[in-house]
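First, one chain by itself: the form predicted alone, in structure tokens.
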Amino acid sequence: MDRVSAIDAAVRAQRGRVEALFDELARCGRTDPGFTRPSYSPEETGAHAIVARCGADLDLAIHRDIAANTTMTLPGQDRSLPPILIGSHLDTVAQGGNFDGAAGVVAGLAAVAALRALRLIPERDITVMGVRAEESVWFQVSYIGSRAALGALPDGALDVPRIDSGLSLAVHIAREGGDPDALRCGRSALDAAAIHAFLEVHIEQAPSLEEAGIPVGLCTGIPGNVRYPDVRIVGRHDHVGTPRRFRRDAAMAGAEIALALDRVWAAHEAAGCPMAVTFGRFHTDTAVHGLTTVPGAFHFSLDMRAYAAEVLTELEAAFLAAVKEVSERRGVTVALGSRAEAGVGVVSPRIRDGLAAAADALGIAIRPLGSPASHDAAAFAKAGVPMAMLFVRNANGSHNPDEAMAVDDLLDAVAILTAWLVAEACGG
């Protein structure tokens, strides 16, 4: 059997392990419908324990860092060489699916298991990383686990409350086995300059691969984002019969701001420039709104994302200009609240080309695919770590209970990843 066929066979032999892992993970945070594993929760910790047990069964070195991330390391021949990291997250949004994030950790473990089956000892460490708190919905901060490990948490992040519990990130980290005091002092678990590469496998967020009939996508880039989680517009509550010229309608102001950004998005899309604008929360004040009341208060959240930093800057400038113009014309006050951002994730051309070559050798169809979503890989890229991603076909999107991923498709991605690892770290 030639090397490529041996790699493929070793990966396909991991089907039982992969299916068992997903079955076990499905018991962590099962809700009706879907799964809920909040960032830094007992449910997320349970998922980390499951993958750690699998890592121990593979005789990997298990470690929990100061941010409570889980690392599972296959030792290399030369432990002084910068390691290869493979990972993703294990938390979910509320009533999400069992594949978003978790598929990347399972893929890493399956790839290492295949290397074990092939009796290959890499020249450098290969570490599978279960990352904490990628889903920014819980603390309104992006990439908490990976940024904490890299010593790049934003100022004040440890004091941010979780949206459901009201307790701070620091409290939750401590409860789940991390060391927030060490993080507050600026310690990091990883030295970005001493990491050879970071690779992440993830289900696709939109059914582009499903539409194309192709099992695996090769990431071309991860968008950066700018977020305003809690924008508040204050006008004046008035009687429903108030003439238009007297109104200070907060809801209409919010609608105009949203439509202004939608026009910017449409123009860029028509010009072939990908981006996305999302008003995730968009509502009047439920305590006082009513059929016969002109809204004097309005709330929204805003996520703006693009694949180039200059486009993101332009998009934010358009938003701020719309806020200024609409607030002056409508006679309302707009409080922007906190602002968060995450940098554009640039894919390493060398790793991308290596993955493409591996897919070609294996006879697995792939296609280039820009990520519509943010991922931990972007945090590593921003820190200067060479990064690449593989996407797995998924018919029903993500962040919902109906995430759809065939194990065969995941194993295709694992085979590509394993073949790349053999070429990159096992002498070809």
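Numbering starts at 1 and runs along the sequence shown. The structure displayed is predicted, hence computed values, not measured ones. Between two forms, the rigid core is the largest collection of C-alphas that superpose within 1.5 Å.
In what follows, reference is made to the form predicted together with another copy of the chain, a form of this protein that is not presented.
Visitor: Contact check in the predicted complex: 27, 125 and 426 versus another copy of the chain, with a cutoff of 4.5 Å between any heavy atoms. Do all three pass?
Guide: Zero of three within 4.5 Å in the predicted complex.
Visitor: Determine whether any heavy atom of residue 185 comes within 4.5 Å of a heavy atom of another copy of the chain in the predicted complex, and answer yes or no.
Guide: Contact check for residue 185: no, nothing within 4.5 Å of another copy of the chain in the predicted complex.
Visitor: Check whether residue 350 has any heavy atom within 4.5 Å of a heavy atom of another copy of the chain in the predicted complex, and answer yes or no.
Guide: Residue 350: no contact with another copy of the chain in the predicted complex.
Visitor: Is residue 69 near another copy of the chain? Define near as a heavy atom within 4.5 Å, in the predicted complex.
Guide: It does not: once another copy of the chain is placed as it appears in the predicted complex, residue 69 has no heavy atom within 4.5 Å of it.
Visitor: Answer with yes or no whether residue 258 is in contact with another copy of the chain in the predicted complex, where contact means some heavy atom within 4.5 Å.
Guide: So residue 258 counts as contacting another copy of the chain.
Visitor: Under a 4.5 angstroms heavy atom criterion, identify the one residue in 199, 302, 113, 74 near another copy of the chain in the predicted complex.
Guide: Selected residue: 302.
Visitor: Using a 4.5 Å heavy atom cut-off, which residue among 82, 161, 151, 207 comes into contact with another copy of the chain in the predicted complex?
Guide: Filtering the options by heavy-atom distance leaves 207.
Visitor: What stretch, of 186 to 194, 228 to 236, 102 to 110, 351 to 359, brings heavy atoms to within 4.5 Å of another copy of the chain in the predicted complex?
Guide: Of the options, only 228 to 236 has residues within 4.5 Å of the partner.
Visitor: Judged by heavy atom distances of 4.5 Å or less, which residues of 122 to 145 approach another copy of the chain in the predicted complex?
Guide: In sequence order, 135, 136, 137, 140 come within 4.5 Å of the partner.
Visitor: Does residue 301 shift between this form and the one not shown by 2 angstroms or more at the C-alpha, the core having been superposed?
Guide: It does not, since the residue 301 C-alpha is displaced less than 2 Å between this form and the one not shown after the core fit.
Visitor: Is the shift of residue 238 between this form and the one not shown large enough to count as movement, that is, does its C-alpha move by 2 Å or more after the core is superposed?
Guide: Moves: yes, 2 Å or greater.
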